[in-house]
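First comes one chain, alone, set out as structure tokens in the form predicted on its own.
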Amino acid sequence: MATPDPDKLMAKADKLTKLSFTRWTADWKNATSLYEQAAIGYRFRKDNEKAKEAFEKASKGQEMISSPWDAAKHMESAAALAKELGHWNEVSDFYRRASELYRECGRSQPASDALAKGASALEDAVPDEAVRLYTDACVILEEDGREQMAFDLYRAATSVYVKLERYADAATFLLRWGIAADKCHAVNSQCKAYLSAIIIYLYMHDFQQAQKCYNDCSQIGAFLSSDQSRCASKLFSAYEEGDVEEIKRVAQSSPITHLDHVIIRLARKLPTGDLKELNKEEAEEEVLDENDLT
């Protein structure tokens, strides 16, 4: 049996959706079936451009016949083909649309997953959009009280921020992960996220911000009594003493080697600045405090 010509299927489907003097309403049900057959035919031919267009139209058709779940699935197929074609703007747009359609079905997990797929596809080509997609994917799960399902997304977004050398953003995202972990009582993940943020500030050679971060996190009892907190305390002591070898030793300790690889790599490069300058700044601050008569 001969395989139907996808071009003819597309033409027939397009005709069914166009209004005329003899057709007052579009026949989306039959048109959608034809678009789906055409998409499969084009994909078999490896004509990705036309397959992408057919899946877009099939998605629109499923929307028109009130089937948002199937519409989302077709939109994801179009997005995957856009990735193959290197159409990065479409990758983002299509996965975002798929996410919206899943949310219409009341399904937060597939909605978040769609954005995560888009983010993963864009990490190398458009990393800034990738972190936006990861962030939006986290928001969907956070709003649904499913923070624990977002842990891999926090991890992925942090990794992209580090690759972009946007270290402050990476630390902020790790603190956000810590808050999410606190909500679902994932103490180990929470403490690891806080230690990771402290390490990033130390890598930035921003000792003051690292200490502030440590002090803020220490308001949480679970962190204060954790191995990760003790590890951070040892790092601060080594920094204050200007002991480079001790910093390197602590960076090899168990609490750090159990963090994500991207954080371990940063920790192994500590210290990144001049510790003598750090001690000099602290000494100057102490002198200022002594002169403060208020």
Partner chain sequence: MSVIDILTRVDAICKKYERYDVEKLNADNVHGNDAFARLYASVESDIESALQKAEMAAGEKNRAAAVALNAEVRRTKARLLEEIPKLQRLAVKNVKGLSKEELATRSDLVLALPGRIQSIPDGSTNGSKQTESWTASRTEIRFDSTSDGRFESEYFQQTEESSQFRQEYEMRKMKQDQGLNIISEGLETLKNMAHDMNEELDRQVPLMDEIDTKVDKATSDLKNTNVRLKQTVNQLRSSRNFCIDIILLCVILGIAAYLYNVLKK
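Residue numbers count along the first chain shown, from 1. As the structure is a prediction and not an experimental result, all values here were calculated from the model.
This protein has a second form, the form predicted together with the partner chain, left out of what is shown; the following refers to that one.
Engineer: Report the residue, out of 186, 85, 204, 222, that has at least one non-hydrogen atom within 4.5 angstroms of the partner chain in the predicted complex.
Structural biologist: Looking at the other structure, the residue within range turns out to be 186.
Engineer: Since exactly one of 103, 163, 132, 146 fits, which has a heavy atom within 4.5 Å of the partner chain in the predicted complex?
Structural biologist: Looking at the other structure, the residue within range turns out to be 146.
Engineer: Run the contact test on 107, 227 and 254 with a 4.5 Å heavy atom cut-off to the partner chain in the predicted complex and return yes or no.
Structural biologist: Checked in the predicted complex: all three residues contact the partner chain.
Engineer: Can you check whether residue 192 is within 4.5 Å of the partner chain in the predicted complex, heavy atom basis?
Structural biologist: Yes - in the predicted complex, heavy atoms of residue 192 and the partner chain come within 4.5 Å of each other.
Engineer: Residue 124 versus the partner chain, in the predicted complex: is there a non-hydrogen atom within 4.5 Å?
Structural biologist: So residue 124 does not count as contacting the partner chain.
Engineer: Contact with the partner chain in the predicted complex for residue 151, defined as at least one heavy atom pair within 4.5 Å: yes or no?
Structural biologist: Within the cut-off, so yes.
Engineer: Do residue 258 and the partner chain come within 4.5 Å of each other in the predicted complex, heavy atoms counted?
Structural biologist: Judged by the heavy-atom cut-off of 4.5 Å, residue 258 is in contact with the partner chain in the predicted complex.
Engineer: Out of the stretches listed (195-203, 85-93, 213-221, 151-159), which one is close to the partner chain in the predicted complex, meaning heavy atoms within 4.5 Å?
Structural biologist: Among the candidates, contact is made by 151-159.
Engineer: What residues of 206-221, in sequence order, lie within 4.5 Å of the partner chain in the predicted complex by heavy atom?
Structural biologist: Sequence-ordered list is empty.
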